[in-house]
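In the block that follows, a single chain appears as structure tokens, in the form predicted on its own.
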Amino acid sequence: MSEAVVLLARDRGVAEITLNRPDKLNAFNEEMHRELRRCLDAAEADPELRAVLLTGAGRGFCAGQDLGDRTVAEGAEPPDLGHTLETLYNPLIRRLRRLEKPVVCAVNGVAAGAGANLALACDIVLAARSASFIQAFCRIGLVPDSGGTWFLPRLVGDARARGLALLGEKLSAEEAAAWGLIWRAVPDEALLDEARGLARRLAEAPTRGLALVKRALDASWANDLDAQLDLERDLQRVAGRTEDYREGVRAFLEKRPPRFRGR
């Protein structure tokens, strides 16, 4: 029996999800979409799993769509790529952004096309120094998808977003960190240890409050200041009623480490 194309491991409150088509640089086919959805379902449903770590097997993180699944015979009707986005990629990106658990991404090699934007959909991105990010769509006549045209200008500004999208040039991990595209570039040999440590740290945090932080940050792009202040008020009301807030205050007053439960 062949190994699953997406692997799920559970350790100390972290769901570690590994894209596992290393011979294809973890490029997406429909099976990998299904398996990744299954793993995210499991991580979301299990209250003991309080953070997610996403990475890739082998020498690449994700090369985007497997173009071998998109070959068209001469004279045949071309595939409806809009349907592919509507049914596979867009639900995946929305799922990651709305997941009420922190998501760490460890980019261990090339992240190209939809693979680059999959990483950018995560909350905190670490990359090995040998890793790179490529908006490869323009090289085959396509538009950046999987949120690329939304993430890029917000993370790096319009000028750099246009350069990345129109030229399709490789951006190193260290450049990506310097530009604010990702959180940090780390030595290759330290990537997984650092990413796992960060994911465990988040899993031990007041994760109900972190989910509300994610919601507020995502909403801020569409809100003016007054609307955002109102949203902060409403979310703070919810956060102030959580068990984790009460535990945090008790621990502070008792001068001891807090024991958060994500409730």
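The first residue of the shown sequence is 1; numbering continues from there. Predicted, not measured: the structure shown is a model, and the values here were computed from it.
Same protein, other form: the form predicted in complex with a small molecule, not shown, and the subject of what follows.
Enquirer: Does the small molecule come within 4.5 Å of any heavy atom of residue 64 in the predicted bound form?
Expert: Yes, residue 64 lies within 4.5 Å of the small molecule in the predicted bound form.
Enquirer: Wondering, does residue 151 line up within 4.5 Å of the small molecule in the predicted bound form on heavy atoms?
Expert: No, residue 151 sits far enough from the small molecule in the predicted bound form that none of its heavy atoms falls within 4.5 Å.
Enquirer: Residue 134: heavy atom within 4.5 Å of the small molecule in the predicted bound form?
Expert: Residue-level check for residue 134: yes, a contact with the small molecule.
Enquirer: Is residue 89 near the small molecule? Define near as a heavy atom within 4.5 Å, in the predicted bound form.
Expert: Contact with the small molecule, yes.
Enquirer: Going by heavy atom distances of 4.5 angstroms or less, which of 142, 166, 155, 178 would be at the interface with the small molecule in the predicted bound form?
Expert: If I apply the 4.5 Å criterion carefully, the residue I get is 142.
Enquirer: Sort through 103, 120, 112, 126 and report the residue having a heavy atom within 4.5 Å of the small molecule in the predicted bound form.
Expert: Only one listed residue qualifies here, and that residue is 112.
Enquirer: Have a look at 157-165, 104-112, 91-99, 183-191 and name the one stretch with heavy atoms inside 4.5 Å of the small molecule in the predicted bound form.
Expert: Contact criterion met by 104-112 only.
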